[in-house]
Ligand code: 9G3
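Form predicted alone, single chain, as structure tokens, below.
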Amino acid sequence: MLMSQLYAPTLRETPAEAELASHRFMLRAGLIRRSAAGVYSFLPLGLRVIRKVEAIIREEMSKIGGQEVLMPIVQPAELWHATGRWNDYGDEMFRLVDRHNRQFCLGPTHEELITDLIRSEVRSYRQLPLRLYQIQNKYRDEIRPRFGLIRGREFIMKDMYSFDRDEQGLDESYWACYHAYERIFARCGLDARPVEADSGAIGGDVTHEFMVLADAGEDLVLYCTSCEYAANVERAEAGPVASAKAAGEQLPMEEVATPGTTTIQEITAFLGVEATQCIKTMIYLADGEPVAALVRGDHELNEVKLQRLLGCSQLELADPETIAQVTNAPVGFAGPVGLAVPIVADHAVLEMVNAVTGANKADYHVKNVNVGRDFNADKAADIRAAQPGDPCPTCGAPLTSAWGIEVGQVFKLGTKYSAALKATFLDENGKEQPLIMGCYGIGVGRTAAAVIEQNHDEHGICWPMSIAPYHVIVVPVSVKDEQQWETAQAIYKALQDAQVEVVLDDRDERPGVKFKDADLIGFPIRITVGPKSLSQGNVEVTLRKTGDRTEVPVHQITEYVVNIISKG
């Protein structure tokens, strides 16, 4: 490819919309262009990267028995109604109505459609296991699309679905895909860490996210440096914390006036106690029904854990009117004593003695509240948000944190969709059984963007060889110099004959402009044909990632470059 013919409109200035390095450099290097908020066109260089990521995915999916299909983007609403997700999915779903007033959606994911497809074809256990995948656009109406390809409204996803006869088969499918994902991200040049995660609207009991640790990440990951434990903050557990028990016996409850003190900070200052001695009582609505959630004063509630524990579709903080009805007090004075609603307490709360809580009375709190004597919890569970410094639930060492970009996720779905859609098979005894399912997704564009987040410098992108749009750029310092130009053309032709992906910068531009564009786009290898080196029969080879420069004889350049590419 000649640079003069390559449609790669580079930009010298960073567009105001771009916040992350990946977004900035994909725009500046001419890989993508914005069509609307969260919607992008891929230009030739960007599409070459995407196709290479897809090729790696296809190879690894094939290794584990994956077969590629392609399903419609437009999905009928009745399938989503059957699983209950038409309403559960929320405002992120793009909904539309055809001329016959039938409802459809633009597929944000394809669990319903693939299950519908399989239930009409799979009849016997002999047809299992089955692993089908597609690479296709998905659509989610993000409330705040941002960061380029990291969070868009239209995006390319690889989604695979496994169908097995039993839990053992599901386990085999799950871990086969899990390890395939490890290989995919490594081949793309990514350091991706699998972490325990929450399944969200997809459902299922077991799931792992693959996180690329980067300062620009959207998700907080807690992990242990002493063992392999790692989890998304929504899912992260923490080992037992130091007890907040007070010395001595349980004291009689004492109501104290606390005018205007509604926060933990205000209460601790007013009463001269530590936050570890306080209980926070929060009133939530779980599918419209009030429930009280208790955590220690220095802890934060994890709403994802609470929702999962309660098994509700919707969880939200109660409004002030509901709080007043439940507690007989305004916001800020709720406590567990005397509440007539279900109470869920974090494990740490059960260890507390002589705690301070709200009095369910305006401008009053209660001291010396004790679980078992003054109130009882209907459920006790880990419902607090783990935080850096908490003990690892596996080995007890302190947890640390980092920001991550989610590039993939694997789920054990079980029978969530097959039961709802009556997707069954006959086992060896002729008995009808529900299909056991798993699903496995990779954000293709996200993966490319995450590669840039981990592989860039102040000058531009440093592509790994595996997914670079082109491997080599040949840059004659002056195309008007006959010797330079003829040598550059000869090298370009020789590399093409050796099946090397190469660009020849044939533009009549200053050398500095050419070098800046080469660094911005991120060609892994730059061959500079200049007067000084050429006078000695050499050209200069520069490696983009390290900046290393080597003088190589012209007659050896093809072999030299091919050797570098083969090593990755």
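Since we're looking at a predicted model, the values are computed, not measured. The first residue of the sequence shown is number 1, and the count goes up from there.
Missing here is the form predicted in complex with the ligand; even so, the following discussion is about that form.
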item: Interface segment, criterion being heavy atoms within 4.5 Å of the ligand in the model of the complex, picked from 156 to 164, 262 to 270, 182 to 190, 221 to 229; value: 156 to 164
item: Partner contact for Tyr364 in the model of the complex: the ligand, 4.5 angstroms, heavy atom; value: no
item: Contact test in the model of the complex: Gly441 vs the ligand, heavy atoms, 4.5 Å; value: yes
item: Contact flag, Arg140 vs the ligand in the model of the complex, heavy atom cut 4.5 Å; value: yes
item: Proximity of Arg296 to the ligand in the model of the complex, heavy atoms at 4.5 Å; value: no
item: Answer option from Pro108, Gly217, Pro194, Pro129, heavy atom within 4.5 Å of the ligand in the model of the complex; value: Pro108
item: Candidate from Gln277, Gln307, Gln409, Thr258 lying within 4.5 Å of the ligand in the model of the complex - any heavy atom; value: Gln409
item: Non-hydrogen atom within 4.5 Å of the ligand in the model of the complex for each of Arg507, Glu509 and Phe515; value: no
item: Contact set, 67 to 97 vs the ligand in the model of the complex - heavy atom within 4.5 angstroms; value: Trp80, Arg85, Tyr89, Glu92, Met93
